[in-house]
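Quick heads-up: it's one chain on its own, the form predicted alone, in structure tokens.
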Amino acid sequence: MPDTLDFEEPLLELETRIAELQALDDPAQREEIGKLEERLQRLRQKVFSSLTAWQTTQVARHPRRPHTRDFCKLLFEDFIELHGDRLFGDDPAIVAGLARFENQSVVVIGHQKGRETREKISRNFGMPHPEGYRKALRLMQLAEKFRKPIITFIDTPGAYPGIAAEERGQAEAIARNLREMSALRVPVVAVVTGEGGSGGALAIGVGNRVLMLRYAVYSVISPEGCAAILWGDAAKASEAAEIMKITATDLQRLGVIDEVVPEPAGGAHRDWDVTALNLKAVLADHLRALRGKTEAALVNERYERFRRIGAFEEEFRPSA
């Protein structure tokens, strides 16, 4: 498989051997192929059940991981994309539109990194400009007007830090989204599908429920950025990743996210269909639970949810 990660090398050797035997189309090799496939399945389960935080980050960034447009095809019906922020222009790094999910009309918003080189450049590698966040807000306000639930997909290294973005008010656009999302009177479910980076992720992540795929990551800064700040050496990213607690299991334990969505052995990039089925079931459960809540309850619940994050107790110890 192209784009094999370094810790997947033992898996690649078995996959190559299986492919070679299958190419022979020899009935006598079927038993051997079956044994190798069982061995591959066990080894893949073993490798992916004990990934480090840095290895999980590599999986979250995998170029073949499903993106927002892929999930739109796999999860929704009748998706219609809407463009533009009605202020400056359209930002391809944010995909947004109307769709149907489980026979219910919803608004879908998500980051789009791009697949091939030309598309990656066109979509700015999933790093939105201010007009992307303003487009997202426009769709959220449309959802509130027509009382439609909102589903967001988070997968970005962060908001674009370039001069043009700053000139057009990047910080203001993100801050406005945080404020407006916190007061939305409709259900909001955010899903971290890959790389959830900083305010660029949080700008569409203020949800009543926040979910994460098993091998996604979510953090205030990239491991490389953290390592560069703490030790002046980005090469210590693997050490920073462990300290930062950026994996789905860590964040669920800390109360930052609500549920971890299982991925197939080997990661979402290995099997989009299974990943989508797992996510669909979890999404349906959470939307069903939110459907009966009043507008006031939705707002208050969202407020309290984010106020709890990072809470701590301070103990006063008088000096001797």
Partner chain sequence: MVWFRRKDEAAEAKGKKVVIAEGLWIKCDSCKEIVYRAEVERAGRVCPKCRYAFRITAHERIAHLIDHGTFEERDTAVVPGDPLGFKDTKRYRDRVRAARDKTGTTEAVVTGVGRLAGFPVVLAAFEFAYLGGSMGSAVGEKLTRMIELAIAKHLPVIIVSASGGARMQEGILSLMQMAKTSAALQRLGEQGLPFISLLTDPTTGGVTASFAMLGDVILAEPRALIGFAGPRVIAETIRQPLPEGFQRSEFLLEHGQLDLIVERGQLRDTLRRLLAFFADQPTSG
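Positions refer to the first chain, counted from 1. Bear in mind the structure is a predicted one, so any value in this text is a computation, not a measurement.
This next part talks about the form predicted together with the partner chain, which is not shown.
- Contact with the partner chain in the predicted bound form, judged as any non-hydrogen atom within 4.5 angstroms, is confined among 230-238, 68-76, 82-90, 95-103 to 230-238.
- Between the options Ala248, Val189, Ala159, Leu139, the residue in contact with the partner chain in the predicted bound form by a heavy atom within 4.5 angstroms is Ala159.
- When the partner chain is considered in the predicted bound form, Gly169 lines it closely, a heavy atom lying within 4.5 Å.
- Taking the partner from elsewhere, Leu254 is found to have a heavy atom lying within 4.5 Å of the partner chain in the predicted bound form.
- Although the partner is absent here, Thr16 is not a contact residue: none of its heavy atoms lies within 4.5 angstroms of the partner chain in the predicted bound form.
- The closest heavy atom approach of Ala23 to the partner chain in the predicted bound form falls outside 4.5 Å.
- Proximity of Ser198, Asn300 and Glu315 to the partner chain in the predicted bound form is complete: all three residues have a non-hydrogen atom within 4.5 angstroms.
- Residues of 214-237 that come within 4.5 Å of the partner chain in the predicted bound form, judged by any heavy atom, are Tyr218, Ser219, Val220, Ile221, Cys226, Ile229, Leu230, Trp231 in sequence order.
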